[in-house]
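Only one chain is given next, in structure tokens, and it is the form predicted on its own.
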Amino acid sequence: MIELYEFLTGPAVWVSFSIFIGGLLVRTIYLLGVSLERDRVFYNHVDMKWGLRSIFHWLVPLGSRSLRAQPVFGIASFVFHLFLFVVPLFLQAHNMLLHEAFGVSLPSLPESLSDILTIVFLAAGVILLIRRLVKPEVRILTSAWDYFLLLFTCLPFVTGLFAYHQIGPYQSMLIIHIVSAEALLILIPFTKLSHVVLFFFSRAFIGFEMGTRRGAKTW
């Protein structure tokens, strides 16, 4: 078990982050190339003012008309995406591992606050899951893979919380936590989770199209 832990917190960290960063970079460059080839006329309407305004209004809570029309989902989605980054990046235990692996670390949140943020994140995930289950217009567009990705995204948070508070077998829970987190990093470039980066391009392009060409807000 010790050897497995050392592998997962050593070489496996490098592999998962390399695939995560490299995969996102390659996919982004590829899609931009395809876009330049197939949508060449579209780039005549590039205006960063409209692109940045479109991104901004979709990043803030209830910043768009569609999110204001469904405020519970809008707030849950904002919290889910924000804490998905905040908790792992500023968790004290993660920063210790980050320093061991790469020699750098970030400021750490108090452990009690990390617990609260984790629970709020999971509550937001439950709201997003319920929305997919109960709203017909969302459920019809949701595949089994979409449900899996949502649940799998929550898995490192659940197992991390359980491991920290020693709920269940500690070593097994810790291993599952690390494996699921690294697997999630590897999955991101090859699944819909890649919108972690592609979101900014899609929103900017919609801003170019609607704002520069049509003079209409996208929010």
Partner chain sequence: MSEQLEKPVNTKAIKELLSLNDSARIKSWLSICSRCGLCAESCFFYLAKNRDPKLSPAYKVKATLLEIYKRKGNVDRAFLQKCHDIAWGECTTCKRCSLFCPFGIDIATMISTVRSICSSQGVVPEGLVRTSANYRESGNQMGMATEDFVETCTWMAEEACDDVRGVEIPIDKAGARIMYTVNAREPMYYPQDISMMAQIFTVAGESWTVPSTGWDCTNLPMFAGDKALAGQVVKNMYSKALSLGVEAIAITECGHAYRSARFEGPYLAGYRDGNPPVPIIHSVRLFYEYLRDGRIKIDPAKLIEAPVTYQDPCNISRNGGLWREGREIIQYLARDFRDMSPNSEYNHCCGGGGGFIPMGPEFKRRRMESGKVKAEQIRATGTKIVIAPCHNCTDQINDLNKEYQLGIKVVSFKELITEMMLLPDHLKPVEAEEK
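Residue numbers count along the first chain shown, from 1. Remember, it's a predicted structure, so these values are computed and weren't measured experimentally.
Just so you know, the form predicted together with the partner chain exists too; it's not on screen, but the next bit is about it.
Partner contacts here mean any heavy atom within 4.5 Å of the partner chain in the predicted complex, and among 105 to 113, 119 to 127, 140 to 148, 91 to 99 they occur only in 140 to 148.
Put simply, residue 21 is far from the partner chain in the predicted complex: not one heavy atom of it is within 4.5 Å. Although the partner is absent here, residue 73 sits close enough that one of its heavy atoms falls within 4.5 Å of the partner chain in the predicted complex.
Under a 4.5 angstroms non-hydrogen atom cutoff, the partner chain in the predicted complex has residue 31 among its neighbouring residues. Although the partner is absent here, residue 40 sits close enough that one of its heavy atoms falls within 4.5 Å of the partner chain in the predicted complex. Of all the residues from 57 to 80, those having a non-hydrogen atom no more than 4.5 Å from the partner chain in the predicted complex are 58, 65, 66, 67, 70, 73.
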